[in-house]
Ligand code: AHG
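In the block that follows, a single chain appears as structure tokens, in the form predicted on its own.
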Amino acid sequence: MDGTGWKDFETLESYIAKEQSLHPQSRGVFSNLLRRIGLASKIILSKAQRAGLAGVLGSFGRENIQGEQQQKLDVLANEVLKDTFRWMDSVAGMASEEEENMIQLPPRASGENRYLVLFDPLDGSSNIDANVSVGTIFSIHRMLSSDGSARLEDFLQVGTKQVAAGYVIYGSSTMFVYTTGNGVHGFTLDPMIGEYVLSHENIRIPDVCKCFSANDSNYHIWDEPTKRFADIVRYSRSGRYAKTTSRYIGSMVADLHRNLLYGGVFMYPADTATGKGKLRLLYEASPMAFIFEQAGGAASDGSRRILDIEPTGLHQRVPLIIGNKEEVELYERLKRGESA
């Protein structure tokens, strides 16, 4: 920092431009898509910050396709993202946790590379009336169809096919975290200049299990291997888990963001009554798995790597355990009936 109080900094815009320059054949189509996500997040942030004053707190009065009560800000955030992408030549279609069906966009004459954007517009929105951190999660895939028209099978791609994934967390500060398969990078919004500034380059999850994040009220509906895993992580008083603490916010973006920076494990396992998980594969589990793997972590449904799961529907749900690789592997061993 020099005597004027200024220091060198890199914005999201300049960082994306620098990455684009490494690919001389690039026309900037994909880079522009990431920039537009950054812009959309600023609009969502402005609406969230004024929610109480603008009368957009509380329930919208109807359920989404998930059977969950929509919040007013869910609807607003969903519309912001749809409006952001619908005019872009590079976007062939969208899928949202809040929409029953995929959203097809007309083929363009420009012949640009076309992408699909999938998103959870406002993860954790049920907590927003209590001023708890919420977030936006996104995933980007390339089109499979060659005629420029998005089809259902274009959206149902395995997580390894993602070309980018990320999230924005709206909290005490606002952060944009993303990966394109070349590490995980975090940018903090500077409200003074209205730009995302590089604050966390090449994030690596610390190899310590500082936080255990799970909804303990569901303990009674977990299977025995899951209970055993939770007991080991929470109650071991020596070795790796001597200083592990329970930290569960109930806003997935906030829980995973903390664990990514501090080290730890998050799980939302299947319950014994239904045998099914709760979290959406395409909008939550898969993009977060991409991020955590790029940061040195792992993500599983208990038996399979999340990024290898073949989607069967837009709103498919899966169990999820995600965080440090050592904990994810321990959980998988216990699920297979092996010893800890």
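In this text, residue numbers run from 1 along the sequence as written. Predicted model only: the values in this text are computed from it and were never measured.
Not on display, but discussed next: the form predicted in complex with this ligand.
Among residues of the shown chain, residue 165 is not one whose heavy atoms approach this ligand to within 4.5 Å in the predicted complex. Within 4.5 Å of any heavy atom of this ligand in the predicted complex lies no heavy atom of residue 143. Remark: residue 97 counts among the residues lining this ligand in the predicted complex, judged by a heavy atom distance of 4.5 Å or less.
In the predicted complex, this ligand sits within 4.5 Å of a heavy atom belonging to residue 125. Interface residue among 138, 268, 212, 170 relative to this ligand in the predicted complex, by the heavy atom within 4.5 Å criterion: 268. When you look in the predicted complex, the only residue of 181, 148, 206, 250 with a non-hydrogen atom within 4.5 Å of this ligand is 250. Of the candidate stretches 196-204, 234-242, 172-180, 114-122, only 114-122 has residues with heavy atoms within 4.5 Å of this ligand in the predicted complex.
Taking this ligand as it sits in the predicted complex, the stretch 267-295 comes within 4.5 angstroms of it through a non-hydrogen atom at 268, 278, 279, 280, 284.
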